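Okay, so here's just one chain, in structure tokens, the form predicted on its own.
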Amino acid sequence: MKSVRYDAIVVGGGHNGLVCANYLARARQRVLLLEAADQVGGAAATESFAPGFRVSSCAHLVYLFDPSISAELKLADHGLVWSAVDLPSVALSQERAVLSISSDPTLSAGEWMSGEHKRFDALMARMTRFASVLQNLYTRVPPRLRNRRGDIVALVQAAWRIRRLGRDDMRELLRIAGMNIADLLDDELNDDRLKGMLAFDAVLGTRLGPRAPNTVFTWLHRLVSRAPAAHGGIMHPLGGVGALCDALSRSAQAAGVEIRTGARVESIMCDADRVTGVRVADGEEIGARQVISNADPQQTLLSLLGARELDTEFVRRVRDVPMAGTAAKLHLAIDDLPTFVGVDPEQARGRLVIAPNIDYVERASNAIKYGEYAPQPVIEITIPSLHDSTLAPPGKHVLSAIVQYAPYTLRAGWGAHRDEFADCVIAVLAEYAPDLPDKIVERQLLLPVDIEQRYGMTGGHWHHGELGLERFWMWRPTPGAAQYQMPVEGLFLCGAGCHPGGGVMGLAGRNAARAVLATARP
């Protein structure tokens, strides 16, 4: 088949790849996007897992997607509709009333300990101010430590944004950024239900427990969604999270992007330290001036490109990026709505969290250290069919749960223990919804190893590598690859493995497009 030359080829049709391709096409680049699956979306797709039941594959809620991207790409004009906004977060409890929190005070409920609401509001106000500093960094290509005017200006601007917090807040941010979330919450709050839920937010999708350093930072990463310029609140697109990627796809095609699904990239071609295009699985070679990969750093650099094209020290740093995921996904098709103890119908539409206290979360995380799964896992539950009838047959529902902690490699092997773990998770769910097991029609469990095989994410890690201060901003994914451009000319990353990290936010894709355009040759 004759090769076609493009200005840019984007490898992978996840949300960041779609965003990147869209912005490149709007800059009059001729862009081809190649997606191995039969639909775009990657781990942010909506898929059928039982007849009549559809669910968001991995990510099942949207809270970090940048609203300026929605506006610039006119996603509402391309079919994006939110089925629910400002969903409450509900801390389930067997011993006390549930605690429901939302940015809308009318949706917040539960018996608060004396003075706890004021303490919580004060903590969130301060942490949101700190998150706004991150948000500002997230929207820009990171600088490098070199004596170039643009990098020096960017470093000075970043320092100035921290300084503008004021002396007290600046000192507090610098004090707590590397702390563990357990110590911070114990200092600020008293309610175990509240502390457990916030600790879970800080470790979601990571290998960390709440007493591990850096978990205040990972919580700040999540709180970027509450910064003033963000959407605010937890949202769900009509049709599942895949509907967001479908809107991105339509927007990209309207801008001129050519999208091919069922086109797995086998290798990135290189000649004389310069990318020349890609080779797809059917043997076709497609030429391009730039290749932008939405795959994770190890998949892109070590598998698609090949270590032979890279410096030995750089290869070592890439291999050292922690890639083993710990989050599993459980989907349940249910023939009737389960009753969660103490949860009213409005609360059931939100995210229900099983993390009764910090010690519970810490004990669950301990299992990972020994290659075991948590017998009492922490769980985030959604029932999206409550506000989106397109996902299940009439009168029936889908339940989607993120489960931590499930190791990528189980010491005893997953083959004989997959169903055992699924039964364990359902047993924990039944402690809070006793009638749930009798309502289950079908179930699907996606372990990190399944996520790796299905979506091509090394280690099944949702963030394409651990997120922490040591792998943030100028250091993500690793020194020498922090500005989206790789050591091989014409090769870029645009996925969650680069700045600013994981979550359905789209900023890595937009930032990468800007980096590509800044280096594009006339």
Partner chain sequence: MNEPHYLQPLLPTPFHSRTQAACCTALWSGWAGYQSARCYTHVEFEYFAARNQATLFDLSPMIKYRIAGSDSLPYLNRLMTRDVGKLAVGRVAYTVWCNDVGKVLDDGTLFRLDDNEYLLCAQDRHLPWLQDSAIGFDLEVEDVSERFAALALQGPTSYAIVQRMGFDDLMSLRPFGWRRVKYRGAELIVSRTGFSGDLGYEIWSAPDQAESLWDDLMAAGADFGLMPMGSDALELLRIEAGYLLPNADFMPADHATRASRGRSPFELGLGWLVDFNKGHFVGRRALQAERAGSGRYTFVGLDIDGNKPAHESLIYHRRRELIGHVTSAMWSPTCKRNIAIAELQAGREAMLDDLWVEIYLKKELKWEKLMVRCRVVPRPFFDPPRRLATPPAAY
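Computed from a prediction, not measured in an experiment: that's the story for all the values here. Numbering follows the first chain given and starts at 1.
Keep in mind the form predicted in complex with the partner chain is missing from the figure; the text below concerns it.
You can rule out all but one of 62 to 70, 469 to 477, 47 to 55, 484 to 492: in the model of the complex, only 484 to 492 has residues with a heavy atom within 4.5 Å of the partner chain.
Heavy atoms of Q94 never reach within 4.5 Å of the partner chain in the model of the complex, leaving it off the interface. Among heavy atoms of E309, some come within 4.5 Å of the partner chain in the model of the complex.
Put simply, V315 is close to the partner chain in the model of the complex: some heavy atom of it is within 4.5 Å. Although the partner is absent here, D282 is not a contact residue: none of its heavy atoms lies within 4.5 angstroms of the partner chain in the model of the complex.
When the partner chain is considered in the model of the complex, only one residue from H417, R126, R319, R363 comes within 4.5 Å through any heavy atom, namely R319. The partner is absent here, but in the model of the complex a heavy atom of D273, alone among D187, D273, D438, E111, sits within 4.5 Å of the partner chain.
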